[in-house]
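Here we start with a single chain on its own, the form predicted alone, put down as structure tokens.
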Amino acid sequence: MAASNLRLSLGPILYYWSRDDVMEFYRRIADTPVDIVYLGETVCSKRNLIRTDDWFDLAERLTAAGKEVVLSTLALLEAESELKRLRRICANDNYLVEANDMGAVQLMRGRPFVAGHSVNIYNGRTLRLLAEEGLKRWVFPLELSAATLADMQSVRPPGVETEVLVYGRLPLAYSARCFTARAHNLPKDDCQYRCLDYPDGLTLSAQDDTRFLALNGIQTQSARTCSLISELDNMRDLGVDVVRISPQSRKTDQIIDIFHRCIEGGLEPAEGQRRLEHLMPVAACNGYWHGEAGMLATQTQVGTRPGS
């Protein structure tokens, strides 16, 4: 399998930030070396400080700054109003859409789209089926290993790109219940937008004080930050096209710069990892990539390749 040239993407913001913070965030992102920017609310429809029109305006500005823009959709839809917004996003003719549930996939049928990690593509047959529907790029499921990716890449349909999350807390599950509201003894319908208090999620500790999960509204995340910066060469060998960084409330531009320099060869991955560890809210993990428990941090051995 021929090595690929990696492009760098910035996933959608997974947290609830103020309107001013979101606008300022993307103003800074416009000046970073990231190639692809995903825009939109993917977690909770109540997070509506940024309207659909605002996302389209941001898309226009980032496109003018030379970025490829993709509009992301909700992973869990529960109301007609949410479906209405979904239809509008999927009907646009200017930007690629990241479908995060099968409803969005159906609306994009026959047109190019990206399948987000929550679509759960676990085998080559699913890849081929979605490619027939218009799949242009798929995001590798977070809990699968490099060995599984190698198998998937060997049967990947022509013209389909592969994207892998390489930095950020791992979105592990979605629920109809809001865990952040529950943590404050509030019902979901009267959550008082408490997610605004946790710009990188609410870290949850076990009885032994181990921090192993983070609450983000209806989404459960890993407390540790997945970092695969040491695997960039392996990803090239596997034919990965895009590596994704998940936005953080602080220092995202620095994180992008570290990955960009490692991709371009101006920074050693070991030094890049050392610098990233100072920017993480808890600690690093990469266990899933190595076929281990996701919360583990496994040392990569120089010269190894997935599945070896």
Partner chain sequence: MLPAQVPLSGLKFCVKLNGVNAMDLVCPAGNLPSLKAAVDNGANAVYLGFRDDTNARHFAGLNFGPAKMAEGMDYARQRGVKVFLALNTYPQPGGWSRWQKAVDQAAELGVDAMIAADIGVLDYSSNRYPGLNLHLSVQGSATNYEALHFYRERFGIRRAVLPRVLSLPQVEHVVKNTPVEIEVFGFGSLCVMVEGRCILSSYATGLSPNTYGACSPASHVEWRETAEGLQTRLGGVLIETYRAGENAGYPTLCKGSFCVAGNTFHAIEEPTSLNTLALLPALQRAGVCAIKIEGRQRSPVYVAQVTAVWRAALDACSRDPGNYRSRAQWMAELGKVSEGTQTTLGAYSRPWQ
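Positions refer to the first chain, counted from 1. Here the structure is a predicted model, which means the values were calculated and not measured.
Keep in mind that the form predicted in complex with its partner chain is missing from the display, and what follows is about it.
Proximity to its partner chain in the predicted complex holds for all of 79, 178 and 203, with the criterion being a heavy atom within 4.5 Å. Contact with its partner chain in the predicted complex, judged as any non-hydrogen atom within 4.5 angstroms, is confined among 126 to 134, 156 to 164, 227 to 235, 88 to 96 to 126 to 134.
Among heavy atoms of residue 106, some come within 4.5 Å of its partner chain in the predicted complex. In the predicted complex, its partner chain stays beyond 4.5 Å of every heavy atom belonging to residue 194. With a 4.5 Å cutoff on heavy atoms, residue 22 does not count as touching its partner chain in the predicted complex; it lies far away. Of the heavy atoms in residue 294, some are within 4.5 Å of its partner chain in the predicted complex. Residues 220, 222, 223, 224 of 217 to 243 are found to place at least one heavy atom within 4.5 Å of its partner chain in the predicted complex.
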